[in-house]
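Starting off, we have a lone chain in the form predicted on its own, written out as structure tokens.
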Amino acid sequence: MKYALVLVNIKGLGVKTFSYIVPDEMQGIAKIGQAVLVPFGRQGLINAFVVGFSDYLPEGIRAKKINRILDETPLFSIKYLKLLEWVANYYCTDFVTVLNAAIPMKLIEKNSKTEQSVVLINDNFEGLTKRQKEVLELLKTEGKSPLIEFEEKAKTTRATMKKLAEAGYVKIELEYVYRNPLTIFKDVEVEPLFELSPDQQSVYEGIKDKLKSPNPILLHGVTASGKTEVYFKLIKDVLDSGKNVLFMAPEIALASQLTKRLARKFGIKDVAIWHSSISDGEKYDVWQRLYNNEIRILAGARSAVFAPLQNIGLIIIDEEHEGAYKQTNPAPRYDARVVARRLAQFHQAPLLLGSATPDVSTYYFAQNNNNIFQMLKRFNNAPLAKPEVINMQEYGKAAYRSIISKPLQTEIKEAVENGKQVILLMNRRGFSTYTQCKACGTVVECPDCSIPMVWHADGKKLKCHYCSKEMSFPDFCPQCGSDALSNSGSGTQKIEILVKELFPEYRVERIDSDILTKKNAHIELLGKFQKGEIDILVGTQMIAKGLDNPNVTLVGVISADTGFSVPDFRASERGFQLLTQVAGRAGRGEYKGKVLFQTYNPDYYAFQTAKSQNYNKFFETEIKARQEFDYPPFSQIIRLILSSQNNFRAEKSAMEIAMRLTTMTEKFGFTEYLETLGPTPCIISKINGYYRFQILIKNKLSQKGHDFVSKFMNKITLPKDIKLAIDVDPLDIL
């Protein structure tokens, strides 16, 4: 073909292609999906992707030549391109933004790694010296080897190897080296699948019968019911049929644990991992192997939904209720669960969702489609740990530093003294949650965001958890000048310090996002905990899911109220899920588990159902409230956020858009089905120096309503000083 249609890497152009001449030297080499370098107006040479070919040039166009092919191996197919186009349309963003999120731009640089190898090509050793013969005999035994390693083993030099190559006895060649991010699991031995219990077998057979269903299948199983073994049996069936599996977990730590288990069951050769923390070189190599259909099982976190796994026969999303599947910032604000549903349709593959505390909307639709399977007992009928409530109105005054109650202290001591392990959940990072002036009451806020700064004791800094700004502890109150400033509230750092003060002889560690700066730090820390080298593990919600340590007999929730009071329609659901999930970490082995919830509000309904671990009762109450106020699953929420460094300008723009949207819905008779709420200041009204106003749209017209809003937003032109963020299916409205 004479011309290549390329998609240039410039935001704002949408799905627009440009024609470029394919030079003679690239004929037969240029392919769809390749990264190329092309001249583009005043911007000079820019990165682009080949998305098609043509023998004809549009009228009036003067084409330039492709400068060069950056990588001959294609990065994607046309089918893959269509998925990204769907994502761009659904999330109301331009195609290049999606392309940049899906395909790491580092891939279009030459990230392949090569090394020299040596192989014997002539085994007639006559006329050689004794030493040369020894070297060649060893190579004959070893076979093809990396040159550096062989030189060390043979105790020879590069000069000797070059002489043997020139004499025609060996061949030295460059080879691509596959960098495997799973080398940390290299010693894993493959073991057979466990035999399923009668309950597991029944669910497995039921799901198998539903695998051709066009709707997602939900496996609702209580913690430690054995959902993973059911997954593995289904995976084996898919692999035996010649197809591949995408298995997703909500966070990197969980994805790493999952990958290790998959490697143990199916072998490290066929398994790969994909998440944001693997290196660019590892991503490059995994991507190429995926594209070439050399990987059978891909495990990963949110971004794995965009990895080019071929021939998909099953997609599994474990802990499907987790908010970590949603990209909140920057755009595209995609939800991996929604994209996975579309991906499953593209491959005509089943989508299996699993959770002990399913998303309310997921449960509602699965129930309506009769696509729900339940495992409501733990494996081998082991008892669920029953949470006990510690009313801090009663126990708070006698608690250590008013934080760790006497009953919790007693249970920690008993568990560790008996050789067992403890998990303590505090779902806030840092040492304290705010710094306040005792004279005038002023709380020290981030100068760029309307939220309190958080004191971090390890770095001795106040930090903003939104914009990452840091500052030293102030000497005086910025409002009244008093020096009566003190830290209040608690975070994981503070809990870690208090526990070490209470139990100096115990081994205490903390896991939260602040300590995960080192690559694989989470794997090492959780590995130590699994081996029994940590007595007490303090952490945020990271430790509330996926941890399967049979030696954990006590879980303590320091502040069980955290999360329930957030002004968001999903607050009750999130609080219930977190408490139920963390309670499930206790008593997973042969030892009975105990869970203690410290709370100042023991009678709240979501708290009571979490205490009894009764999902169905929680769902019945929650779904009635959702229906009454037309919240999901009875509508789709689309959130528009207008922001500016000028408060008045942000509010004015938001009001204009809300007014125009209301006028349009009235004109088309959609007022009853497309409800516009706002504009109002966002709950966090300022972030990074930008004042924020939001408009919430409740769409009760499904796809028709989504298309209407999308077309409306495409016609909006805003001044340069106004930013617009469109969040389809937002996780929160903060």
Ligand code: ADP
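When you see a residue number, it is the position in the sequence shown, counting from 1. If you're wondering where the values come from, they're calculated on a predicted model, not measured in any experiment.
There is another form of the same protein, the form predicted in complex with ligand ADP; it is not shown, and what comes next is about it.
Partner proximity in the predicted complex, defined as non-hydrogen atoms within 4.5 angstroms of ligand ADP, places exactly one of 504-512, 456-464, 222-230, 440-448 at the interface: 222-230. The closest non-hydrogen atom of residue 473 lies beyond 4.5 Å of ligand ADP in the predicted complex. Ligand ADP in the predicted complex is approached by residue 379, whose closest heavy atom lies within 4.5 angstroms of it. Taking the partner from elsewhere, residue 522 is found to have every heavy atom lying beyond 4.5 Å of ligand ADP in the predicted complex. Contact between residue 200 and ligand ADP in the predicted complex is found at the 4.5 Å heavy atom cutoff.
Put simply, of 275, 326, 296, 261 only one has a heavy atom within 4.5 Å of ligand ADP in the predicted complex, and it is 261.
Residue-level contacts in the predicted complex: of 331, 217, 542, 196, one residue has a heavy atom within 4.5 Å of ligand ADP, and it is 196. Residues of 284-319 are not found to place any heavy atom within 4.5 Å of ligand ADP in the predicted complex.
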